[in-house]
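One chain is shown next in structure tokens, namely the form predicted alone.
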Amino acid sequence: MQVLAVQIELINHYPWLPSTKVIYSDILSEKPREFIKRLFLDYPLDEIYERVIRIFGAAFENKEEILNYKIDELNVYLYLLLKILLSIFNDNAIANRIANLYSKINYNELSIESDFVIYEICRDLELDILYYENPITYRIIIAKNQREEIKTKFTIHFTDYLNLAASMRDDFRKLVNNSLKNGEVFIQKRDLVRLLQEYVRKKVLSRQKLDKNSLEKSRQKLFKIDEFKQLHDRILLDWEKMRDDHEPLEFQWGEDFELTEIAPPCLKHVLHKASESQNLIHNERLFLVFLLHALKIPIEKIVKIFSTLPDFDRDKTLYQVNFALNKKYTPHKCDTLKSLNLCMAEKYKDELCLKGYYSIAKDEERKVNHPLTYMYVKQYRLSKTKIQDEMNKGKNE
């Protein structure tokens, strides 16, 4: 019985664990409508509203934690309710913000767990992991006559490591940059917890893909429950209000044009990912910083773009942006973007990127070889269009 109590405590803390299906098999077997009806009957409505709205509110504001975050049986029900709400909203930007916040909350909670509890969680996830009561040395660093032994209590099989780290593009997470022996990767607790955070983020994002008609039918069924409809509408109202109150990502460039009007597809693609709170790889981040800085966009606005990302930390981001800018690197050329797989000309079928432009000064057709060149040509073309439109308007008047 003691083991079961420990399992229930862990499930209440981390409802994304596979054992939830065993401990709470009764509610997981219910259809969403029946589950929600029972939830609103069994628990105080005010508390459900307050806790759910706090989660969405914190996510909309790109916070990384929720004060007085509660861990109880209701936490399991709320996790399932979140998943249903995200499915009904069917909005990637909302889903990514919730997934980012929820995974960060779990990262903070997992970070203070004992090593053995982390091992239990990994075992529940059926990860091929080994735990050593006494830390083992796997690397020795000698610098300035100082010897340092790097130890850990964990190793994880390389296949599980690769699966967990697949969407994390940091160079230091690559298998080749980690200590490996007999197929086992030596890993520090903090790095293991970071992998679990990414697992949680993906778990929150995972949802059944419904076509438009099926989605609308599901909405109508659930909206027959007044309490659910009210909760849904309140969250949606908060989301729309947040979007109205905050500046959009389409920053002004110069006086006449918005950035998105003249941005090349490579820049649009990265900005779109950021607007939906998708993670950006290292090269995408550098590309964004160097190009936006070249466009004289204030550092505060550059940092704001990064604020929607899963691993955002304001102080670290501000430091890293300033550090990168102090290096005085110029923006990536098109050839560099192609080598880094960041060129989006083919994906977006962008005519200017693919066919080039006619240069009056050179009296020849030229290829676009730099994002700034693309933006210059776009700005010139839009200026001519604007002038022509004004002339036509004057004639009509």
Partner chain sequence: MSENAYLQRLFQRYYSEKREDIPKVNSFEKREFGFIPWNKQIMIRHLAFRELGDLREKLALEGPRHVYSSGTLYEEPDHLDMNQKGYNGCDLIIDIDVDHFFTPCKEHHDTWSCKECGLTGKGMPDKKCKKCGNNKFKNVAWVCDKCLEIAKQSIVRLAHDFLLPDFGIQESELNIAFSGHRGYHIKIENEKMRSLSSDGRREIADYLSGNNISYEILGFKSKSNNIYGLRRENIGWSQKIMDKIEDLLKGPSSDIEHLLEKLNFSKNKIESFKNSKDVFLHIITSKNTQNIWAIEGYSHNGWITFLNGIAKEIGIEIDEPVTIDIHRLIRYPGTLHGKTGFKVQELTLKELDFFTPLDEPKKNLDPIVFYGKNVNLKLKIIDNVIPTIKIKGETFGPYKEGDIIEVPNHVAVMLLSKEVATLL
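Keep in mind that this is a model prediction, so the values were computed, not measured. Positions refer to the first chain, counted from 1.
Separately, the form predicted together with its partner chain exists; it is not shown, and the next lines address it.
Here the marked residues Tyr138, His157 and Phe172 all reach its partner chain in the predicted complex, each with a heavy atom within 4.5 angstroms.
Checking Tyr119, Phe89, Phe186, Tyr199 for any heavy atom within 4.5 Å of its partner chain in the predicted complex turns up a single hit: Phe186. Checked against its partner chain in the predicted complex, the residues Glu216, Asp238, Glu109, Asp128 give one hit for a heavy atom within 4.5 Å, which is Asp128. Put simply, Asn177 is close to its partner chain in the predicted complex: some heavy atom of it is within 4.5 Å.
Contact check for Asn145: a heavy atom falls within 4.5 Å of its partner chain in the predicted complex. In the predicted complex, no heavy atom of Thr260 sits within 4.5 Å of its partner chain. Shown alone here, Gln220 lies farther than 4.5 Å from its partner chain in the predicted complex, counting heavy atoms only. With the partner omitted here, the stretch from 265-273, 207-215, 177-185, 285-293 that lies within 4.5 Å of its partner chain by heavy atoms in the predicted complex is 177-185.
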